[in-house]
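Only one chain is shown below, in structure tokens, and it's the form predicted on its own.
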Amino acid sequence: MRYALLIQYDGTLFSGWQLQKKGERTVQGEMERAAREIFSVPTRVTASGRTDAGVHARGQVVTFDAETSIPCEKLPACFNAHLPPDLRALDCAAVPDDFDCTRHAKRKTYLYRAYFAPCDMPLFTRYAARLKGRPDVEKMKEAAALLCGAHDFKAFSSSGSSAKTTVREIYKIDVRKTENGHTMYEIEVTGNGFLYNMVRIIAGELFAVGCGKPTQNMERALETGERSLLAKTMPAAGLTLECVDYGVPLFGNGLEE
């Protein structure tokens, strides 16, 4: 039987999702170790998408196949008994045997956080990047609107991407700012898929535009695919995979929608 599991993790101490060379701590490695201890056989765990080293997830969806008498609703607790404290299973659902959590995803939402402060803020540094300037949110929103829709996002991808095509569709980008003794910026991006480092590059460019960079460079980058026209890739710590949408709810808590 195939199961879908909703998981959440703090990516700070992980070398990303995917299994790496021996000695590298990864989310997939911890999930498969836990699954083997629960089911007593090697069990492959597949994710809706790979997150990079240092990137977090609030609502990652993974699948695995298992023959077990453990009730579905008990499986999250079973996994949590074998997982480290920075990785948790939140919910579980039985799914059809042909369900593919990667290919069947309709849209994904990522959230990038950054803050402005005179020095690093210890309570923020694991989940947000520090900015050296105060970006203009209205300018950022105007630039974000130019990225919505279907485009060739080749320029918004770091080298090393294995994607067969660089065309992606962004459904919406929300830019927000809050003031609570400090200035926090949030960029929420929803699309049908993302290239390697795409959201972190989008965030870097929007912050740069907010600090005075002309949007013409971004528009030209979309046309030419030239990465050099865009701002630097923002740090991984500010990025969180918020949720994965399959068109129908898989779980009861709504985190995948």
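Position 1 is the first residue in the sequence shown; the rest follow in order. What we label the rigid core is the largest C-alpha set whose atoms superpose within 1.5 Å from one form to the other. Being a predicted model, the structure only gives us computed values, none of them experimental.
Quick note: we don't show the form predicted together with another copy of the chain, though the next part is all about it.
Each of Gln8, Leu111 and Tyr127 is positioned with at least one heavy atom within 4.5 Å of another copy of the chain in the predicted bound form. Picking from 198-206, 219-227, 33-41, 56-64 the stretch near another copy of the chain in the predicted bound form, with a 4.5 Å limit on heavy atoms, gives 56-64. When you look in the predicted bound form, the only residue of Leu123, Ala145, Val167, Ala94 with a non-hydrogen atom within 4.5 Å of another copy of the chain is Leu123. Not displayed here, another copy of the chain is approached by Leu90 to within 4.5 Å at the level of heavy atoms in the predicted bound form. Mapping the unseen interface onto this chain, Asn80 counts among the residues with a heavy atom inside 4.5 Å of another copy of the chain in the predicted bound form. Using a 4.5 angstroms limit between non-hydrogen atoms, His182 touches another copy of the chain in the predicted bound form. Using a 4.5 Å cutoff between non-hydrogen atoms, Glu186 counts as a contact of another copy of the chain in the predicted bound form.
Shown in the overlay between this form and the one not shown, fitted on the rigid core, is a CA shift at Pro85 smaller than 2 Å. Superposition of the core reveals a Cα shift of 2 Å or more for Glu179 between this form and the one not shown.
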